[in-house]
Structure formats: structure tokens, C-alpha cells
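What follows is one chain in C-alpha cells, specifically the form predicted on its own.
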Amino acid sequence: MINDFHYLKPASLKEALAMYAEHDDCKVICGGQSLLIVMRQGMVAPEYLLDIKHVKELSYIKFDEKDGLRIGATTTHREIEKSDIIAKKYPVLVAMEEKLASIQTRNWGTIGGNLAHADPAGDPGPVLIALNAEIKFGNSGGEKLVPLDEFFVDYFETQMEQGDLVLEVHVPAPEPKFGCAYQKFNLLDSDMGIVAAAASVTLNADGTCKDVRIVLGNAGPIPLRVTKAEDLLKGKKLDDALFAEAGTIASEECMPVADIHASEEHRRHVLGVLTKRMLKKAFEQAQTAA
């Protein structure tokens, strides 16, 4: 049962930030796909709900060849999934969104809400970190832009403080010879991943690895960068043996927690397999990319 609350509906971003600053015991709702669940469970009972669903300034998808992709915080998962420019420039985002929950959830849930909720099993976090994304958040006093892999602090915790709203996600323009892949392991297509792995690879003109990112989902309290495996691959000619070694490192460096779905040992094994597969897939994309 959800406790009574006061409903706030700002007409603009300026008004939303002012309202949020004015009320201490306040939660932000947009899609409500996560917040309503924890409210029903009695885990939170805010005095005020600030509904930013209709703040048009935060709903957009923009792309520039030099600047890259900018997605407003209240943009829905379905809008990202169906975006032609994202499908062309960042197909991994479309593939990720197609497996995120149900169509009903994607029609209403937002990218900003997903990232602010900071569930380590969430799909967008690992993919966006692999894409080297930044996140902009702010309050009535100003804004802050940080790399997404620094945004998450702990289970369901971020760098944001009371009064902060997620404003935008920025993804750099893809470099030449770049590929990115993501896969989660789950029992139902629309379920959250038991574990997941994202990998991006950028190649030099001579075919050696210029840059690589490996990010694990639901492998610890936050999306986990496997920098030890990344360092192994940089500057080298990539092959299956290196991918397998990186997978082994990932299975050792991760911090999964056992639950009713899988043991820690099983999660480590699957994370190693997924890391190897996503690296190979990203590498193959990078080889054929313009």
C-alpha cells in the first residue's frame, strides 16, 4: 500500500528544480517503473512526489557528427529503441533496449530514471559506460558533468545529492574502426540480467587495439570496469586466446552475489564466457567499421 503524498507537477525545468530545492522529503517520479515498486513495498514514503514526465526540455534525442549523441533524461526507452539515428550510429543501444523489460515498461520508463535508480542489474549502465558516456545532473544552483563510470557509488547510490536531477546523457561520436556489443544472461528475455557484459573495441590503422572497455553488469554493487583485462588487450593484435584470457580475468575480478537465481561460482563462469564473446563480437564489428 502506498502512503499519501503531495503531488507536484512543474511546467518547466526551472520550476522543477525550484520545487525540488524547496521540499526536503521529496522523490522524483517520471516513468515510476522503479519508484512505485519500492513505495508499494513501504521502503520509501516521501511526503512529496515531483512529477517531471511533462517537462519537455528534458525529452530529446540529438546527434552531431563531431559532438556525438545527446539524450534528454525523460526520453523513454522506446524512443531510444526506435530512433533511426541511434540505430545507425549506436546499434548496441537499440539491441540493448529491445531486451529491456517489456514494451509497456519501455514505453513509459526513462533513461534518466533508470540511471538515477542505479540498480547494478540495469541494462543501460554497462552499455553506456562501454560507449564512454557522460551524465549531466544538476540542481537550482548549477550543473555537473561526470563520466558515467564515476557516477555510480554503491548499490542504488550515485554522486547525486538531494535536489539533483539527471538532465542528460552524452555519448561521444564513434571513432573509426569501433565496435560495441552487449549481452545479458537471464531466464526470460524481458527480465533483468542475472549477469551481463558489455565490451567496446577501437582499432588502430594497423589492426592493433587502440582502446577497449569491458563493463560487467550485476557483478558487484555498481557496473564494473575490468581495467586489468583492458590493459591486457591495449596495443596488441587481438585474437581468441587474448579474449579467453580477458574472460578469465573478468571472472576473477568480478564481485557477484549468490541468490535464488544463481550461485557465485556460476555467475563468475557466465561472466567470463560473456566477456570473451562480447570482446570478439565488438572486435569483429570494429574490423568492418568505416
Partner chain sequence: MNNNDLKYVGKPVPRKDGPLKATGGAQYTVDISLPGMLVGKVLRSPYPHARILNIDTSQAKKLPGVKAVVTSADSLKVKHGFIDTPRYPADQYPIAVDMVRHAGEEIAGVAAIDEDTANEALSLIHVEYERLPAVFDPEEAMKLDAPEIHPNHPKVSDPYKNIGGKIETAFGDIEKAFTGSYLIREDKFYCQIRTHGYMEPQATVASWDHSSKLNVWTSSMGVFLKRARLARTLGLPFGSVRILKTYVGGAFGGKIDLYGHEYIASLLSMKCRLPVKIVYTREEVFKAARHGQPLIVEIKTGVKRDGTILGQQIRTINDSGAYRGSGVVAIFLAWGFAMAPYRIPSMQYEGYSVYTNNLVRAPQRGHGAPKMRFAAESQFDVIAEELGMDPIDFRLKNARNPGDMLPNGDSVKNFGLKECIAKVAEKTDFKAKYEAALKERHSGSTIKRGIGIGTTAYFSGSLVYPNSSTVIVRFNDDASVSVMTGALDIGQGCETVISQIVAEELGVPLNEIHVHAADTETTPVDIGSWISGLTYVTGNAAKKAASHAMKKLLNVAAQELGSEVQELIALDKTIFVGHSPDRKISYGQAIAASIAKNKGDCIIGEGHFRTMKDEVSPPSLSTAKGRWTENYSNYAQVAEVEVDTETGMVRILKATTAHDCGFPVNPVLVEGQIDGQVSMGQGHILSEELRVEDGCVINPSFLEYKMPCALDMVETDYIDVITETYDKEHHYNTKEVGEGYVSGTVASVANAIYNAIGIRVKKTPVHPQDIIDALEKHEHGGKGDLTR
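Positions refer to the first chain, counted from 1. Predicted model, so just to flag it, every value in this text is computed and none were measured.
Not on display, but discussed next: the form predicted in complex with the partner chain.
Engineer: Between Thr105, Asn186, Thr158, Ser83, only one gets a heavy atom within 4.5 angstroms of the partner chain in the predicted complex; which residue is that?
Structural biologist: For this set of options, the contacting one is Asn186.
Engineer: Within a 4.5 Å heavy atom cut-off, is His23 in contact with the partner chain in the predicted complex?
Structural biologist: Although the partner chain is absent here, His23 would stay clear of it in the predicted complex, with no heavy atoms inside 4.5 Å.
Engineer: Can you tell me if Ala241 lies within 4.5 angstroms of the partner chain in the predicted complex, counting non-hydrogen atoms only?
Structural biologist: Ala241: no contact with the partner chain in the predicted complex.
Engineer: So, in the predicted complex, is Arg277 in contact with the partner chain at a 4.5 angstroms heavy atom limit?
Structural biologist: Judged by the heavy-atom cut-off of 4.5 Å, Arg277 is in contact with the partner chain in the predicted complex.
Engineer: At 4.5 Å between heavy atoms, is Glu150 in contact with the partner chain in the predicted complex?
Structural biologist: Output for Glu150 is no: heavy atoms all beyond 4.5 Å of the partner chain.
Engineer: Taking the partner as it appears in the predicted complex, which of 114-122, 186-194, 162-170, 75-83 has residues with heavy atoms within 4.5 Å of the partner chain?
Structural biologist: Selected stretch: 186-194.
Engineer: Report whether all of Lys14, Ala16 and Val28 sit within 4.5 Å of the partner chain in the predicted complex, measuring from non-hydrogen atoms.
Structural biologist: Spot residues vs the partner chain: no contact at all.
Engineer: Select from 1-17 the residues with a non-hydrogen atom within 4.5 Å of the partner chain in the predicted complex and write them out in sequence order.
Structural biologist: Sequence-ordered list has one entry, Met1.
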